[in-house]
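Take a look at this one chain, the form predicted on its own, written out in structure tokens.
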């Protein structure tokens, strides 16, 4: 769904560049490089994942430095939501939904961290840091083993605990 919005935005931007020749020269034409900087969507099957890798052991110190102030020690919660499940989701309360009990695909975790974290400096983590944080959080949620390496090949193969808890709009795409 999000990818379709991005595609639509990209088409509108492309059309605006073509239209710019007949315009009053307001604004700046959008270049392919401008679009590429925002074209960072990761699909459930792993398409769009960048090169890089990381382990939970590499992610632990990154988490302590860049995430613990908000999400608490070992993801137990702080000023921001806990990242560990407290039990099954029983209401629409967003605080109940965590990595281990709600998210259906592992690539969503990578995509969200890379796009939005840390909240005060989004898009500042390297791909290796994002893979390492993803591995660390998946280990905390008991989804993968401590020695598992996360990268573009292994991350899409991770089976999330709530994978079957969603009705898939387009079967075969998740």
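Since the structure is predicted, the reported quantities are computational estimates derived from the model, not experimental observations. Residue numbers count along the first chain shown, from 1.
Below: the form predicted in complex with ligand HEC, not depicted.
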Check your understanding: Given that the partner is absent here, does residue 29 sit within 4.5 Å of ligand HEC in the predicted complex, heavy atoms only?
Key -> no
Review point. Should residue 38 be classed as touching ligand HEC in the predicted complex when contacts are defined as heavy atoms within 4.5 Å?
Key: no
Review point. Taking heavy atoms and a 4.5 Å cut-off, does residue 89 contact ligand HEC in the predicted complex?
Key: no
Check your understanding: in the predicted complex, does residue 118 have a heavy atom within 4.5 Å of ligand HEC?
Key -> yes
Exercise for review: Please determine, with the chain shown alone, which of 107-115, 43-51, 29-37, 145-153 has non-hydrogen atoms within 4.5 Å of ligand HEC in the predicted complex.
Suggested key: 107-115
**Study point:** Members of 46-69 lying within 4.5 angstroms of ligand HEC, judged by heavy atom, in the predicted complex
**Key:** 66, 67
